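Here we start with a single chain on its own, the form predicted alone, put down as structure tokens.
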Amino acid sequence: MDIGVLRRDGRTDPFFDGTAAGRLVVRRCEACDRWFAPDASGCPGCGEEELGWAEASGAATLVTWTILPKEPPAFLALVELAEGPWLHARLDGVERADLREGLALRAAFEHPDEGESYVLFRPWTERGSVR
């Protein structure tokens, strides 16, 4: 699925540096140990205004999804990271029949010729990726 060319905006440099290295890096409040999506600017729990960056495990579960009607179909999802934040991302290596709420996923990374690397998610079992 062609998603266009991604460009960083300065606020998310650590996120894109992480994806380029094959790591999922998100925001984390060190004061109260809460995790947030990369675009978060402060902690609503404790009021901390300076969030740090931390490497997430890459484990996630499928919350909801939509299928774009094209060939091949494109699967777009809202996933919940094991650390708590929710991210919008593309699903890869899935079939319509695989999709269900709570499906175990693992982060994977695409490294296009132009633009920034990005994260997508694939189904995961105890034995590893299923596709």
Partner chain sequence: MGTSIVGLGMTELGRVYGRSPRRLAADAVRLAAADAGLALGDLDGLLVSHGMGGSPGIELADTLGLRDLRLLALVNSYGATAGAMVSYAAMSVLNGSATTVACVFADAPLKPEQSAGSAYNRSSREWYGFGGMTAALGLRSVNSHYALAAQRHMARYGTTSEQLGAIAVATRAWASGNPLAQMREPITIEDHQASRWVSEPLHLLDCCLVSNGAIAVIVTSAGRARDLARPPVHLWGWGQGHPGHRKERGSDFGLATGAAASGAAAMKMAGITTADVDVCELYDCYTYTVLVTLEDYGFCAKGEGGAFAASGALGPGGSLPTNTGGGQLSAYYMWGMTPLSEAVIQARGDGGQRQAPSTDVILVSGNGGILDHHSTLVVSPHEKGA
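Keep in mind that what you see is a predicted model, and the values were worked out from it rather than measured. Numbering follows the first chain given and starts at 1.
Below, we refer to the form predicted together with the partner chain, which is not included among the displayed structures.
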The partner chain in the predicted complex has a heavy atom of only one listed residue within 4.5 Å, and of A31, A104, L76, A54 that residue is L76
Can you tell me whether C46 touches the partner chain? I mean in the predicted complex, with a 4.5 angstroms heavy atom cut-off. no
Is F109 part of the interface with the partner chain in the predicted complex - any heavy atom within 4.5 Å? no
With a 4.5 Å heavy atom cut-off, would you call L81 a contact of the partner chain in the predicted complex? yes
Would G58 count as a contact of the partner chain in the predicted complex, using a 4.5 angstroms cut-off between non-hydrogen atoms? no
Within 17-41, the residues having any heavy atom within 4.5 Å of the partner chain in the predicted complex are R34, F36, P38, D39
